[in-house]
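Alright, two takes on the same chain below, each alone as structure tokens: structure 1 and structure 2.
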Structure 1
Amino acid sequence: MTDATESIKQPDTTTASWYEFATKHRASIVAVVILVFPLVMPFTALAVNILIYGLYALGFNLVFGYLGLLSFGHAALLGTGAYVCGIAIVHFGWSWYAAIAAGLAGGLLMALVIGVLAIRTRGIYFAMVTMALSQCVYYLFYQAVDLTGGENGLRGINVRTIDLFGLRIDFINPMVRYYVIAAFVIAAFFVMSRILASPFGAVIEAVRENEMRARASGYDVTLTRLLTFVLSGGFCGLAGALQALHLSIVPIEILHYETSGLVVMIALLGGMGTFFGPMIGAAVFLVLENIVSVWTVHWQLIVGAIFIACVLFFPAGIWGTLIARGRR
């Protein structure tokens, strides 16, 4: 009887140790997966899109999954990063790395502006206010035709070669482009891991779990929310800047509210409040879109049905549900 009991308990111990290992080295695991990812994808452009939207969802997940606030305005953060990066290259002739830094800073600044105006609201009111402010940003960039190209988008973001430590690298090569973008995405995941493992990361989750207790413990809940939203803007701004370099154009649709809804779907698919969830959600959604759109122009209907099925059978998202079942 004792031997049988020990044999039953052993898998739980093994699972717990693997989970602890994966949590401790989560950013390194993501880095390894990203490095081998293009080898299993049908074409490199799809792998790059998954990286960029995974990074976008990573920033969104910081607010939605870890802080517990639903935002419908993250398209403004992604779009601002893309437009600032593109404008820096097209109109001011900045180098590619300075333009990426500008895009990241643009996302941070836009998140600060939206956060100051919206962060004191709660629940559905926060979602609606962020969506309204995001549409204001859409209108602002739409009207600035001389800078943004208006409804035609910003064109001419041509980065053919990049200088890296004295080496000239061909950015047109799909595999080279993937690994240049992957370097930024991997760095972002390491930064996110550090944020979540820090005392500030614990405060973020404390605010999500019980705002009143967090406030009673002496934490400034409003400031915590604002800083989290601003940090989220930095990740989304970086994703936008990388997308501008990848596409060589910034379409005005990047600021549309549908882009905000897309990242909500990605986060729910992968698993809100999980570290790997955003990348898994982006991979599942974009691969499904790529496969189904080949067979029918009504791919949204089929992908939507699959999304509903995933929500029903994976209530915590694909990765979140797998983690929950693995802990049992």
Structure 2
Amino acid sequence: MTDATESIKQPDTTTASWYEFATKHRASIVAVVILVFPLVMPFTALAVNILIYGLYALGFNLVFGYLGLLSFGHAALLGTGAYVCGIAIVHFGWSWYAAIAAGLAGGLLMALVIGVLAIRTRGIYFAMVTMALSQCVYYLFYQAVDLTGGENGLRGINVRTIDLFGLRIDFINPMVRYYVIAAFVIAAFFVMSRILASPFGAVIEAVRENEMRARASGYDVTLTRLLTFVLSGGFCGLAGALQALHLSIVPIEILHYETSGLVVMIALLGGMGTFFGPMIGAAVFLVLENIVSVWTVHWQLIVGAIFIACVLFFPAGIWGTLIARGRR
């Protein structure tokens, strides 16, 4: 996939100044956009969904766009984060921040388990193995009815107020809910920006570009892959935990393979291997889904057709195409 991704091109010296500025302050730009975002949205619940799916796609994109591995099992990471967070609250009565931390840790751990098995394979094999393993996770959570509620989903994640440094904040107020979740998402974007700008981030892209050369340069390719996948699991686990708090329920569909496919669509739509792509993809996808679902219940037909059109005519995605224009 590397050959067709515009963003992978070596930066040339004639880069537009707005592009340089955007790259340097990318996390801050995302933060500003997220802070003003709900003011322009028709309703806040949609904005919250965009945040959560944007975070999910951000984690996915680390593996798909930057490492160059197509995973079809990311639903397992999102779902584990959501279930661990929900179970911590419902069955163990943990406080909200401990539950979010648990969800994040759950995502990391599940990514480690899946990663250790799947990282032995490559290319499309990797897509197939991750999808099969995530299907296994689906059945495991489905069977554990006592903990997860099985088919009915995990209910009763009621977080009405959250305690923050002695303050009690009303979590039912949509705007408050948005900004609490936004704080986590913005923090995640800053962490992601740091990871990508670090020497380790350079190794990730080196592995994608030329595995043999990366190996010859002394980098442990397998370990890099595994570590990237685990980090990705952390982001997705956090997204899942926030999703559980937001919905107050974890439906079993969160582990369905269509949830894995959804994030591939979002990343592809926004632009894989780009920093802003995941959030743009999530925003465009969810707004589109909302508009189409008002018009027809068969929105998946439209979404599938748009996805096909993207693959055929628009593989760099929205942001990837803009970057290619901006660099000229």
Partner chain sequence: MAGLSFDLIALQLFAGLALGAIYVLFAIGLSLIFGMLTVVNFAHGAFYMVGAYVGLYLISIGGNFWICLVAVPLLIGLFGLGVERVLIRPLYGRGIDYPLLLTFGLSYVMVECVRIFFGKTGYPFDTPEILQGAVNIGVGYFPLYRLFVIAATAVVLLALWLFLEKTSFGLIIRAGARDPQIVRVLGVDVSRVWLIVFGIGTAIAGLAGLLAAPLQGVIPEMGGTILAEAFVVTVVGGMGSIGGAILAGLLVGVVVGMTSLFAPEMAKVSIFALMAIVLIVRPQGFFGRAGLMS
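Take the two forms, find the largest set of C-alpha atoms that superpose within 1.5 Å, and that set is the rigid core. Here, a residue number simply tells you its place in the sequence of structure 1, counted from 1. Worth saying up front: this structure is predicted, and the values here are computed from it rather than measured.
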The same chain appears twice here, once per structure, so which copy is the form predicted alone?
1
C-alpha of Val30: shift of 2 angstroms or more between structure 1 and structure 2, rigid core aligned?
no
Phe307 C-alpha shift between structure 1 and structure 2 of 2 Å or more, rigid core reference
yes
